[in-house]
Structures are given as structure tokens and as C-alpha cells.
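Listed next as C-alpha cells is one chain, alone, in the form predicted on its own.
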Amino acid sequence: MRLSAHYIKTTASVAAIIGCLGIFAPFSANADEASDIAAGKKLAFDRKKGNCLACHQIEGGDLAGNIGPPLVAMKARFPNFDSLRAQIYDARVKNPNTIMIPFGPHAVLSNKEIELVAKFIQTL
């Protein structure tokens, strides 16, 4: 009888530990995601890197341009993240007459930087 009580107590303890680990995992993922979004915003607003503000209006940006469309409701406009990333990487694929810089092919931004900018832009 004592042995089964010991097994139940041990099983409950292990389950509690596993449950706690499961609870904290989303917080670290959210922290990583928030960090990526902040890094993407920094790149997008950086006049020497992404320079998105040269052509687009973005909430929180100063001296925004009006050549490109305002970047609002981006999750609705690009529900598929890969489509948004591809647009930033090389907009000429969908519109050969675009004046948007092909950030990927011209190596203005690295693949990682394009990923970060796309994560930020999708939050707008």
C-alpha cells in the first residue's frame, strides 16, 4: 500500500514539473518573438539599412515617404508570412515595373535581416 502511494506522489511531482516547463515555454517564445520584432523595426527604420520610411508611412516613423503604400493592416494584406517575406526580398517577381529595391538580390539586407523586417512589418 505504501509503495503505490509513493508511486502516485512521484508521478504527481513529475507531472507538475513537466506542466511547469510547458507553461514557461510560451513565455520564452513570446520574448524571442518580441525581440525579433524589435530588431526588425530597428532595421526598417534605419536609414542606412532597410530605410522603409523613405517610401512608406509606418506608424511611429518620422519623415515618412509617400512613394509606396502606407504599411497598415499588413496581416490582412499578407496573411501568408512567406508572401510578405518574398515581397520584401524581391518585389520585382510580382511586379517587374516596381521601384521597390530588391533587398535580397542586391544584398542590401541579409536573409536574416529580411526575415526580421518581415516579422515587424506583419505586425503593422
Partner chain sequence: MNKIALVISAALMVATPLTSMATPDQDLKAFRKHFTDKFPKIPFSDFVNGVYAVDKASREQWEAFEEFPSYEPYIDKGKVLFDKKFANGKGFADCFPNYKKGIRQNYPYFDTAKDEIVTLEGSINKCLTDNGEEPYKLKKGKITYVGAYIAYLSRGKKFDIKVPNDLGAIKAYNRGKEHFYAKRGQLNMSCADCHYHYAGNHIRADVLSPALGHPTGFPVFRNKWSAKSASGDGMGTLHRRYGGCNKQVRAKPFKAQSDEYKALEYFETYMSNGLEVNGPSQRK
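Just so you know, these numbers come straight off a predicted model, no measurement behind them. Residue numbers count along the first chain shown, from 1.
Heads up, the form predicted together with its partner chain isn't pictured, but that's what we're talking about next.
Give me the residue from 34, 93, 63, 73 that has a heavy atom within 4.5 Å of its partner chain in the model of the complex.
Partner contact (heavy atom, 4.5 Å) among the options: 63.
Kindly confirm or deny that 45, 54 and 107 each have some heavy atom within 4.5 angstroms of its partner chain in the model of the complex.
Spot residues vs its partner chain: full contact, yes.
Counting only non-hydrogen atoms and a 4.5 angstroms cut-off, does residue 98 reach its partner chain in the model of the complex?
Result yes; residue 98 sits at the interface with its partner chain in the model of the complex.
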